[in-house]
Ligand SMILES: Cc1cc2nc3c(=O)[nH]c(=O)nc-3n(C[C@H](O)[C@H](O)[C@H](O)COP(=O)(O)OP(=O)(O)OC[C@H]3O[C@@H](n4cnc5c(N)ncnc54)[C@H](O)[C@@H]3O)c2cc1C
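This document opens with one chain alone, in structure tokens, the form predicted alone.
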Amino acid sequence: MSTHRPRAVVVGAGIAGLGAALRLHQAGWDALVVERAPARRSGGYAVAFAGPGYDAAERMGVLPELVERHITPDRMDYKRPDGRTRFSVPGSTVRALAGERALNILRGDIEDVLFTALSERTSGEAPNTVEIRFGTTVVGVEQDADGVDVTLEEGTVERADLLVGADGLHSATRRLVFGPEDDLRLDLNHMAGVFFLDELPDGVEPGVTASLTDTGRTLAIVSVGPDRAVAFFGYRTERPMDELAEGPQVALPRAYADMAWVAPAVLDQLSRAESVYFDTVSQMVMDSWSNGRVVLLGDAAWCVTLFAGYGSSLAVAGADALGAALERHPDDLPTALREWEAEIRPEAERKQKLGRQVKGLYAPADPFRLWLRDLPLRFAAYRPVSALLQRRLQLTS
């Protein structure tokens, strides 16, 4: 009987990468996680975490820790340019609409929970079966029938049975193995920017999520727990890659220069933000997510976008399904990867389609589309409707 313990190199220490490393470890694999950033990142925007990812987190044993990080606003205020409130949705209605098996959580908090779970499960082992190496990434990939050689930036070559590219929308792994990003990326002609605020702007109450949308752009101040808030920017553009190249310090002030409400005060904090997430809103459209001993996971493979939501959920679900497929076929990697993709692809493609359909809701192009977007929320804001929704959803969730 073979005593070989399979080994994976995982590129990317985000949700998909850490989830893959944890699930592969649970499946009996060793793993090396490499991350380009010099250290772990924190924060990011709040995401809806439900559906297959919620179920996967439960199976992987990390759901209780995720539940502890759950955040919901006391209220959601939709603002006018002069700061007056157009309408509000109570927090109880927001929670009822989400349902019981659903979380609202920061991307960084999901990463933190997965990282902690990895640390706890590998501490005390000699040697540890999971290593996380920061400040490096993949620059070369060569594979044969028996394994894959992964060359890292510092010149070392790591031999593995499987390479998992979980390095996001602009994946280096995907570029090296599957071809140029421009051939696979579908831009939805929007940009998104997020950073933590060091102080709450005047006119926004603690614990309340408030937003202003005018033609083609949205600014939201999102409550992410006691004494914490992030600024979220989302806007339309016909030149997303040019905007990305210019960076947030140039692009955001230009796009929001004439927005009223708290926009000037929030932009004043941009220059002193510790880190800023700023990227195109794009999807990856690929015929296959694997090539030999290389597999893509999460945004590197599909990227459903924030328009569809559940990208973090799909990343965890994909990691769990990958580990399960490898457990079912420990000696047949091609079959394991085919089964894994057949399981995940239908849901990923449904979410991608949804993202393309609803992209206009985040930054409506004209006042009429804004009115249409807000109509269901306006109904939910009325007290009788809010009470009915809460009772109905709590009974049927």
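Nothing here was measured: the structure is a model prediction, and the numbers come from that model. Position 1 is the first residue in the sequence shown; the rest follow in order.
There is also a form predicted together with the ligand; it is not shown, and the following applies to it.
- Residue Arg41 is the only one of His329, Arg41, Arg350, Arg356 with a heavy atom lying within 4.5 Å of the ligand in the predicted complex.
- Site annotation in the predicted complex: the residue of Ala57, Leu337, Ala46, Ala31 reaching within 4.5 Å of the ligand with a heavy atom is Ala46.
- The stretch among 319-327, 178-186, 83-91, 295-303 whose residues place heavy atoms within 4.5 Å of the ligand in the predicted complex is 295-303.
- Among residues of the shown chain, His70 is not one whose heavy atoms approach the ligand to within 4.5 Å in the predicted complex.
- In the predicted complex, Phe115 stays away from the ligand, with no heavy atom inside 4.5 Å.
- Though the partner is left out of this view, Ala172 does reach within 4.5 Å of the ligand in the predicted complex, counting heavy atoms only.
- Within 4.5 Å of any heavy atom of the ligand in the predicted complex lies no heavy atom of Val164.
- Contact annotation for 61-88: no residue has a non-hydrogen atom within 4.5 angstroms of the ligand in the predicted complex.
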